[in-house]
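Okay, so here's just one chain, in structure tokens, the form predicted on its own.
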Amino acid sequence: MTFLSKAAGIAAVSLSLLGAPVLAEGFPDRPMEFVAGYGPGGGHDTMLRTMARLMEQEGIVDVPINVVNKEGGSSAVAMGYLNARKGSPYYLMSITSSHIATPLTSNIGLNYADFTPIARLGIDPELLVVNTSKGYESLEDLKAEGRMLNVGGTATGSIEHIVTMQLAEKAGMELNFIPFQGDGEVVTALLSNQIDFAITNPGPVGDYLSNDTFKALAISTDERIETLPDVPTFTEQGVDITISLFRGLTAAPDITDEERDALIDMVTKLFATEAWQKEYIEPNAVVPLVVTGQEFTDYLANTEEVYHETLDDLGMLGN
């Protein structure tokens, strides 16, 4: 049994414990909107477009779903956009670490608790990825450069930024983190060698790893994963970094409990399909650990505590 199939089994158990609330009668009865806080081609965009296509394909909804990109401010623009749709269950926004980190590092007047958490679909490990044209074969090769290295990632205060700062501290490296608006921009920068390496999740770089354009030198999981068996962990290389990105969904503020339950039912039905596993989970090396509703709310609260402590240590908390 593979790493992902084991994780999928855990997800299936989680789903079986959720119960299956009946969709609110007549909902959805008009087009829905899925909101990505980053640009086209990145992890948020890819996830939502796959969700929209499969929900229609699998007959989970029979209304159109429009995916919109509201990039800017490390998801702050998207949070403001969703907040302006208070009371409407017809909007879902993809969320990752920036949903926690951005409010902590910037005074945007919103945080995760202002919205309606729907579901965490899984976690993504973080990879250290280089352009193979540079000839780097290991983390030690990067350390041997003996100069400041430019590192690409999404957003100041993001999980990529946190991993970069931990790497600088724990490996004794001089690193300059360069924030981009989305995964697509990070990939472009690495392709053109504008940066020395990127910290990213597997999704945006999977094709480039497969065709040997990029090479992953380290992964942030406790152990190697079967989908990337040749990638050593940071820990194997003497650097204690084990932190992963969560992927989830949140809805607008002030929707009813019945509307929240209908949205939970909608997405958990999708997560249980074989198509979702084959077309999103496996290609993107996502570990499918599903939690919903109050359990997801509690997870976000605990995650905020961890991020608050880490960002405080880095001197990155906003005023």
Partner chain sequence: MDALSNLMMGFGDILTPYNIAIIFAAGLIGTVVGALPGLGPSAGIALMLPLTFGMPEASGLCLLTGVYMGTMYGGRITSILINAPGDAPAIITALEGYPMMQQGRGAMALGISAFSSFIGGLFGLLVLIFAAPVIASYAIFLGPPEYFLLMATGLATVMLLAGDQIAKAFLVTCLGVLVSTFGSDYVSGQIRFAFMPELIEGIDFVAIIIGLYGLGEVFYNLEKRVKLNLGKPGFRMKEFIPGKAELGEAAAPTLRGSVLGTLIGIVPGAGATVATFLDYALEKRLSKKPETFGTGNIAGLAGPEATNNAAVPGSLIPLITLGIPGSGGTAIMLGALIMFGLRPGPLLMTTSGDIVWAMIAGLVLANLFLLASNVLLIPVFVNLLRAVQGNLANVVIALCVVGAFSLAYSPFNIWIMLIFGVLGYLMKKNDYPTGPFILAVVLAPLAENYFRQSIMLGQGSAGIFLDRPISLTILIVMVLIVVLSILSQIRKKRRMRRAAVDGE
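Numbering follows the first chain given and starts at 1. None of the values given here were measured: they were computed from a predicted structure. Think of the rigid core as the biggest set of C-alphas that the two forms share within 1.5 Å after superposition.
Beyond the structure shown, there is the form predicted in complex with the partner chain, which is absent from this document and is the topic of what follows.
Quiz item: Can we say Pro40, Thr156 and Asn284 each have a non-hydrogen atom within 4.5 Å of the partner chain in the model of the complex?
Solution: All of them do, each having a heavy atom within 4.5 Å of the partner.
Exercise. Could you spot which one of Ser138, Gln237, Gln194, Thr132 gets a heavy atom to within 4.5 Å of the partner chain in the model of the complex?
Key: By the 4.5 Å criterion, the partner-contacting residue is Gln194.
Quiz item: Which residue, Met148, Ala113, Ala84, Ala144, has a heavy atom that falls within 4.5 Å of the partner chain in the model of the complex?
Solution: It is Met148 that has a heavy atom within 4.5 Å of the partner.
Quiz item: According to a 4.5 angstroms non-hydrogen atom cut-off, is Arg260 in contact with the partner chain in the model of the complex?
Solution: The answer is no: Arg260 has no heavy atom within 4.5 Å of the partner chain.
Quiz item: Can any non-hydrogen atom of Asp124 be found within 4.5 angstroms of the partner chain in the model of the complex?
Solution: Heavy-atom contact with the partner chain at 4.5 Å: absent for Asp124.
Practice problem: Report whether the minimum heavy atom distance between Ser74 and the partner chain in the model of the complex is within 4.5 Å. | Solution: Taking the distances in the model of the complex, the answer for Ser74 is yes, it comes within 4.5 Å of the partner chain.
Exercise. May I ask you to state whether Glu223 is within 4.5 Å of the partner chain in the model of the complex, using heavy atom distances?
Key: No, Glu223 is distant from the partner.
Self-check item: Listed range touching the partner chain, judged in the model of the complex by heavy atoms within 4.5 Å, from 247-255, 263-271, 45-53, 288-296
Solution: Partner-contacting stretch among the options: 45-53.
Practice problem: Go through 173-192 residue by residue and record those having a heavy atom within 4.5 Å of the partner chain in the model of the complex; state none if no residue qualifies. | Solution: Counting only heavy atoms within 4.5 Å of the partner chain in the model of the complex, the contacting residues of 173-192 are Asn176, Phe177, Ile178, Pro179, Phe180, Gln181, Gly184, Glu185, Val187, Thr188, Leu191, Ser192.
Quiz prompt | Residue shift check between the shown form and the other one, rigid core fit, Ala119 Cα at least 2 Å | solution = Where the cores coincide, Ala119 shows only a C-alpha shift between the shown form and the other one that is less than 2 Å.
Self-check item: Core-aligned CA displacement of Ile195 at least 2 Å between the shown form and the other one
Solution: True for Ile195: a C-alpha shift of 2 Å or more.
Practice problem: Check Gly203 against Met93 at the C-alpha atoms and report closer or farther in the model of the complex, compared with the shown form; the change is 3 Å or more. | Solution: Result: farther.
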